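So this first bit is one chain, no partners, the form predicted alone, shown in structure tokens.
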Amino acid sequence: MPDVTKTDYIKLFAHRFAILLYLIFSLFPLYWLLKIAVTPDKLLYSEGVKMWPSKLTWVNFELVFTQSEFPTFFINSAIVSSATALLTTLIAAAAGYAFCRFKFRGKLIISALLLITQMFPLVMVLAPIYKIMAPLGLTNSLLGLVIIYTAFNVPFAVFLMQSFFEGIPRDLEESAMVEGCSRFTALRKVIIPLTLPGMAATLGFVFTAAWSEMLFALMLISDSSVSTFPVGLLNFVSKFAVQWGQMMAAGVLALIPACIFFVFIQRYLVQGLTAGAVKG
């Protein structure tokens, strides 16, 4: 057993301390979100800056459910985010497999076009997209949001899935085909099970991106009945005041589905994020 020197202890302490600082930096905004959500409105300014209020209340959460349209916004965001994540992952998996396994005319051009779409700020395409969507009747529509979110998430998701497919040896697929499997059967029984971590990583990325997107939702949606959660938060901001307690309570509630979603895919997500770290 190697001897542990004083330098090793210092390095270990510095490593743990750095992780602790990172956790505090990352989690403090969430803590402050919860703190304001459970603070009575009259104490928000009278007590000044305190790490924890002297009195707690759940009124803000009750008001969010009973006197706002938050449940509608919540359901709309869940529908749009789930549909976008599933549709994007399916398209990206198919395209990523094609880019990885096949040679076809225009492959480099298509890859370059997909890459170019990630180079422009979204603000530049707001007006053209609205001009396209309005005549099709896709404004004030959850379907319109799903189409837009899918279109803008597919390029990155394709490259992500392609990297996972490239990490799977071709020999496995060819062996299955030698044993009598068709390419589709080999894909379904051999390749797809091995790429489940990658698909989970892609699913999680797209779900998070769609859940928090506000720019397109604000532009395409004007009817509160089909508004998503990020746009719905603006309802807590009036001309003369901001309902901080209710806004923060809504923010806390909006974290719940994302947390539940990642709990279910955590096992695959960790495998997907570490896939390719060791070659062979």
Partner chain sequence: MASITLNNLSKHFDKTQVLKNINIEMLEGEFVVLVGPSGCGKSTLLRSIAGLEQISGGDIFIGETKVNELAPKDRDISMVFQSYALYPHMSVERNMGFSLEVQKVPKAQIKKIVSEVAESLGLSQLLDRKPKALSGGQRQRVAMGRAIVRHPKAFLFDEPLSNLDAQLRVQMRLEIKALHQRLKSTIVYVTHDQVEAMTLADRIVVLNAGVIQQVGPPLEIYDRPANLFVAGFMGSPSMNFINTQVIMDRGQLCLQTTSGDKLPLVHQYQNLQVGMHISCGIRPEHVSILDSGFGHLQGRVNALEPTGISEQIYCDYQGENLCIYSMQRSGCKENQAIALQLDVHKLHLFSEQTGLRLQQLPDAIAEYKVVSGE
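Residue numbers count along the first chain shown, from 1. Predicted model, so just to flag it, every value in this text is computed and none were measured.
Unshown form predicted in complex with its partner chain; subsequent notes refer to it.
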Joint contact, Pro53, Val59 and Glu62 to its partner chain in the model of the complex, by non-hydrogen atom at 4.5 Å:
no
Classify Pro135 as contacting or not contacting its partner chain in the model of the complex by the rule of any non-hydrogen atom within 4.5 angstroms, answering yes or no.
no
Answer for Val178 alone: is it within 4.5 Å of its partner chain in the model of the complex, judged on heavy atom distances?
yes
Heavy atom of Ile75 within 4.5 Å of its partner chain in the model of the complex:
no
How about Leu194 - does it come within 4.5 Å of its partner chain in the model of the complex, if we only consider non-hydrogen atoms?
yes
Going by heavy atoms, what in 154 to 172 lies within 4.5 angstroms of its partner chain in the model of the complex?
Asp171, Leu172
